[in-house]
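Next up: just one chain, as structure tokens, the form predicted on its own.
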């Protein structure tokens, strides 16, 4: 998709269709003769401005655009940059389904955040998970060009526009990784993608193989991988600013289970095909690193992605096995389907050894978080409230919904083993919390935030603003977290 910021008057924007937000309070005004058409549609009730409503007007008088699409956005007083992002995506998807390829949008909000959000939404809305389809006509439903119409925009709008493109393309990079099936996106292929992205972007990339992880003592990570013919890797991507403004070294740790059968504690067949998304946390941190190096924050950032395939082969880990983690603690594996926490703890310990002073991990860790929060909020846990407050503020600004979950010491009572330092699961009650507490035992004392994205990393059905499949959640939050660190 070609993109452009245009400061011309709205009436002069030549395109196949121009998108304008419509609000419940009254008919939108363009200043052109088509305002009479808009007012008539509003007066008839056809255009009420309610969220999710689309009204397409052909041949709008006084505009160079061939069509005018009014996208309902609800109450104007409540309209935010996050709402604009969704409206832009919804408008783009509505038009491209009609094979309209050249579109423009009037944001309906002012400021840098609005400029960034508008172009993000259009690029995110244009993404489709159909790379492997052989339909020769699929390219007909793609947006060829997108113009953001901001008459008289200030000079700083250009940087905001570029930032939006970088964030959206990085989020789509993450979505593309998650979308690949398990037979194509193996741990080593994920490492290859990380290497290629790093080489193109100017990042350092190191990949630890099985032999090196054995030398280091990553028994917890390696235990998950032994049932698969696909060898495990630990992917490390480093960003180093030319002049760091602080001693902060941020670690972004992402779960990278490229396919999860559950191992010996095998999952039900129904829905198992979706388990290619179990590396969405790893994809998110790689997408964030792609954006970070382009936007150049002033702190050091290191991404770590432990990548494995969890299979039930003849050598697979058994319930009751005991493994020794990188930090020396032993873990009794009571359920081989609680594998994400096993690979994360060795990556967390390694991040500490690399000198990381603060850590955030993202993982499709538990079904329990979906029971608690559904598919709306990311579950957020921490051992440091100041650190979590920073993450939550950033997420709100970026339109990614997160909700703080408890991590009281009483939950540790569920993590007792007669045979090892810790079991890898607690009881059935508060499963997302005990999983986070398990990670906390290895993250302490480093300030750390855990984001359980199991309910938000995948859409089972398409939304008006986004296609079915991977969402790329956390890419924007991680990027802005690094950019805003003082």
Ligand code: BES
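Residue numbers count along the first chain shown, from 1. Please read these numbers as outputs of a predicted model, since none were measured by experiment.
The same protein also exists as the form predicted together with the named molecule; that form is not shown, yet it is the one meant from here on.
Problem - Complete contact of 188, 276 and 313 with the named molecule in the predicted bound form (any heavy atom, 4.5 Å) - result: Zero of three within 4.5 Å in the predicted bound form.
Practice task
Please run the contact check for residue 220 against the named molecule in the predicted bound form: heavy atoms, 4.5 angstroms, yes or no?
Solution key: Answer no; every heavy atom of residue 220 is more than 4.5 Å from the named molecule in the predicted bound form.
Problem - Close approach of residue 339 to the named molecule in the predicted bound form, 4.5 Å, heavy atom - result: Yes, residue 339 is a contact residue.
Exercise for the section: Flag residue 365 as yes or no: does it have a non-hydrogen atom within 4.5 angstroms of any non-hydrogen atom of the named molecule in the predicted bound form? Expected result: Residue 365 belongs to the contact set for the named molecule.
Handout entry: 4.5 angstroms heavy atom contact with the named molecule in the predicted bound form for residue 68
Key = Answer no; every heavy atom of residue 68 is more than 4.5 Å from the named molecule in the predicted bound form.
Handout entry: Heavy atom contact within 4.5 Å of the named molecule in the predicted bound form, the stretch among 300 to 308, 346 to 354, 366 to 374, 114 to 122
Key = Flagged stretch: 366 to 374.
Exercise for the section: Just give me the single entry in 80, 192, 335, 214 that has a non-hydrogen atom within 4.5 angstroms of the named molecule in the predicted bound form. Expected result: Contact check passes for 335.
Practice task
Heavy atom within 4.5 Å of the named molecule in the predicted bound form: which of 34, 64, 41, 425 fits that? Just give me the one.
Solution key: Residue within 4.5 Å of the partner: 425.
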